[in-house]
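Consider the single chain below, provided in structure tokens and representing the form predicted on its own.
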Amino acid sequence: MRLVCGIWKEGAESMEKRNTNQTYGETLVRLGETRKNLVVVEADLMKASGSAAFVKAYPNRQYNVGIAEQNLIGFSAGLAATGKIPFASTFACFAAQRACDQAVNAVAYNNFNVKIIGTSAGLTSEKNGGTHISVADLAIYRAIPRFQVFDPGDAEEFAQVLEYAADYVGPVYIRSNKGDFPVFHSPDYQFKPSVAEVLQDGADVGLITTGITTNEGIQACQELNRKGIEVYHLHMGTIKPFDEQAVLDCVSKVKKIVTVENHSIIGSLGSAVAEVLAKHGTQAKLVQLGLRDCFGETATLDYMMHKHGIDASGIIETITQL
């Protein structure tokens, strides 16, 4: 694969896997050493989020509000008002839906320095069932003024986004995907907010991915390369602020674009790309892959990703048809 610096140049089979939840706890412990005002707020999900490691290291800097997501965000806003840097985590669906009013009025309206971590994001919540699968969290937080929104592609990027969020002053929403996923970023990678990454150059079709769909895109590109199809692959780890120029650069080389997201096709990555294309009057065909105005279900991640066409085989099929 023809990949840029900062990405593993070997195939997907050579990538190590890392657990996102474990990465969350380890990163918070490290950040907490030098940032004494960093605290963690939980809705009784310390093991599920991975923050249990932080609780063990700094028992006096963790707050458990119980299974009360609205309190989680409102309480975190209060902590931020006193100068703390709260990292508040719960299931992405509840952080976005149940606590939406608190995120808007308690956090964003006051521009409080709260970091909200949406755990088990999208289909990675899998067997917890449809009610726990977030299909609109990115769209909701993208629409809230002052929030920056991130959907990291792997554990390395996730850790660096957490570090960026700890130093950035303002509201941040970060997706955390449940499970072990391949790490495609190499050790020399350096996260740059609002800057998309060109993973592969190509002249036939554009592929824009985010979150866990980026690894699927990398695998798809390997097979498409063997078929002689050249793909211009962009990874969008930052959903807001959005890298418009990266999309325009892509369109300058290809006239067909496929977006892939572990989320509804309404309001997130695909919508952001469509907005850029419309804003600049570009003549490009856009195909959006994701959940098409539906909920998730009680099933495995692999099954649901295949069903909704956002795994490597679904991407290959769509691009081959194009």
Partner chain sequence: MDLQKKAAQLRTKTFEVITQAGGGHYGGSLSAVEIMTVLYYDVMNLSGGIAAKDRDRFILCKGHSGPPLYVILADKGFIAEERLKELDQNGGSLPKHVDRLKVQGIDYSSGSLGQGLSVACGMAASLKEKYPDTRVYALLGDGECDEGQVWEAAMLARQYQLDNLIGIVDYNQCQIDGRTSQVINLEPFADKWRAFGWNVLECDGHDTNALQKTITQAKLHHGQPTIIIAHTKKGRGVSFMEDNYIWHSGKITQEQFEIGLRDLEGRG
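Residue numbers count along the first chain shown, from 1. What you see is a predicted model, and the numbers here were worked out from it, not measured in a lab.
The following text describes the form predicted together with its partner chain, which does not appear among the structures shown.
For its partner chain in the model of the complex, the listed stretch (193 to 201, 104 to 112, 213 to 221, 160 to 168) containing residues with heavy atoms inside 4.5 Å is 104 to 112.
Among heavy atoms of Thr282, none comes within 4.5 Å of its partner chain in the model of the complex. Looking at Arg142, you'd find every heavy atom of it more than 4.5 angstroms from its partner chain in the model of the complex. Contact annotation for Tyr63: at least one heavy atom lies within 4.5 Å of its partner chain in the model of the complex. Taking the partner from elsewhere, Thr82 is found to have a heavy atom lying within 4.5 Å of its partner chain in the model of the complex. Ala68 is the sole member of Ala53, Ala68, Val254, Ala48 with a non-hydrogen atom within 4.5 Å of its partner chain in the model of the complex.
The partner is absent here; in the model of the complex, the one residue of Leu234, Ala77, Val183, Val172 having a heavy atom within 4.5 Å of its partner chain is Ala77.
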